[in-house]
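For reference, the chain that follows is the form predicted on its own, supplied as structure tokens.
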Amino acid sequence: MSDAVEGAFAARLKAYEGRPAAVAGVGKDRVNAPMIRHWCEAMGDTNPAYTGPDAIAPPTMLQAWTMGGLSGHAGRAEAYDELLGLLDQAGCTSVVATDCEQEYLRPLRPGDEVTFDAVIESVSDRKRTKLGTGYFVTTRMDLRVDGEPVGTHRFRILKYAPARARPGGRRPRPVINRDNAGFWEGVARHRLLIQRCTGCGTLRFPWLPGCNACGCPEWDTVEASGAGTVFSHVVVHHPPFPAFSPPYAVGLIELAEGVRMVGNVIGVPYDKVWIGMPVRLEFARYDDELELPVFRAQDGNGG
């Protein structure tokens, strides 16, 4: 694409900024206790604020009350579909969610009916990423109950033209920082270390700077036995990415110690992984620098 053509196309995209993405949307379900319970069970969140007669909804459920499901929302505006269609025509046919930001203005409680409006807040210039070249599109959703603002949700996607898969390639490296360096030091020694709060004894994974149960910043570690089961899993088919060979299974593994972590499931075909399958920790070396924990399927019946 020449500079002149790219400039003209970018101007067409920028013209969508400020246009509505949804108007007068209404959540398909009122805030309700069953959805709160399912969320808390999935997240392992036992905060008592989310149960009982005075329960509130977990703040991070904010987006859940606006999701339209497979049938979509009647309040969705044409501008957003037009923008995505324009990007499709330009070859940006793939999409991936990149991040979200939320602001909480007041707690939501069972019985609240959430209404919302959304706007296309920004469309980036053309960006080159490892997935491919495309554009970041950010929408901002303003949520209300009885006309009172209750929160804001910004959601960003990348619409991109997939890069051609290259044979071989180098796997991405984990981001190592001061909060998780100890975990990766353990991996280098073939030890899977779990943080343990020295204040209340709660185990936690992934590694965090403080305890989300009692707030204590002090911790030590325990070494995982390596036994676990598949709590949930997905099969990755797309997009193609250098050094990966889809399809392959990625599992949410519940370790014997009670915490969960994500890892590849190996030792069985991707379509033979099942929830409840017993697995055992191994360490797989991918190149001279990279070694990662994976989980090998064990003998078991079911699924």
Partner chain sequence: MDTPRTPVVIPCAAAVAGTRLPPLRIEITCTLIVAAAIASRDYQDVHHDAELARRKGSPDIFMNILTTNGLVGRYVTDHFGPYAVLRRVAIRLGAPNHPGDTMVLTGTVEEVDGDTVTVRVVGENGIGRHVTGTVTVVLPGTDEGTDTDTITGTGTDTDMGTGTGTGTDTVTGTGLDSANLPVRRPG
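Numbering follows the first chain given and starts at 1. Here the structure is a predicted model, which is why all the values come from computation and not from measurement.
Below: the form predicted in complex with the partner chain, not depicted.
### residue 96: touches the partner chain in the predicted bound form, heavy atom cutoff 4.5 angstroms
Yes.
### Message
Within 4.5 Å, heavy atoms only: does residue 244 come near the partner chain in the predicted bound form?
### Response
Contact with the partner chain, no.
### Message
When the contact criterion is heavy atoms within 4.5 Å, does residue 183 count as touching the partner chain in the predicted bound form?
### Response
No.
### Message
Can you work out whether residue 156 and the partner chain are in contact in the predicted bound form, taking contact to mean some heavy atom pair no more than 4.5 Å apart?
### Response
Although the partner chain is absent here, residue 156 would touch it in the predicted bound form, with heavy atoms inside 4.5 Å.
### Query
Tell me which of 183-191, 200-208, 104-112, 225-233 has residues with heavy atoms within 4.5 angstroms of the partner chain in the predicted bound form?
Every other range fails; the passing one is 104-112.
### Task
Can you work out whether the partner chain is within 4.5 angstroms of a heavy atom in all three of 28, 42 and 64 in the predicted bound form?
Yes, the whole trio is in contact, each within 4.5 Å by some heavy atom.
### Message
Within 4.5 Å, heavy atoms only, which of 171, 196, 140, 126 is in contact with the partner chain in the predicted bound form?
### Response
Partner contact (heavy atom, 4.5 Å) among the options: 140.
### Query
What residues, if any, in 256-294 have a non-hydrogen atom within 4.5 angstroms of the partner chain in the predicted bound form?
Contacting residue: only 270.
### Task
Say whether the C-alpha atoms of residue 127 and residue 246 sit closer together or farther apart in the predicted bound form than in the form shown here, given that their separation changes by 3 Å or more.
Their C-alpha distance shrinks by at least 3 Å in the predicted bound form.
### Task
Might you say whether the CA atoms of residue 248 and residue 42 end up closer or farther apart in the predicted bound form than in this form? Their distance differs by 3 Å or more.
Farther apart, which means the C-alphas of residue 248 and residue 42 are at least 3 Å more distant in the predicted bound form.
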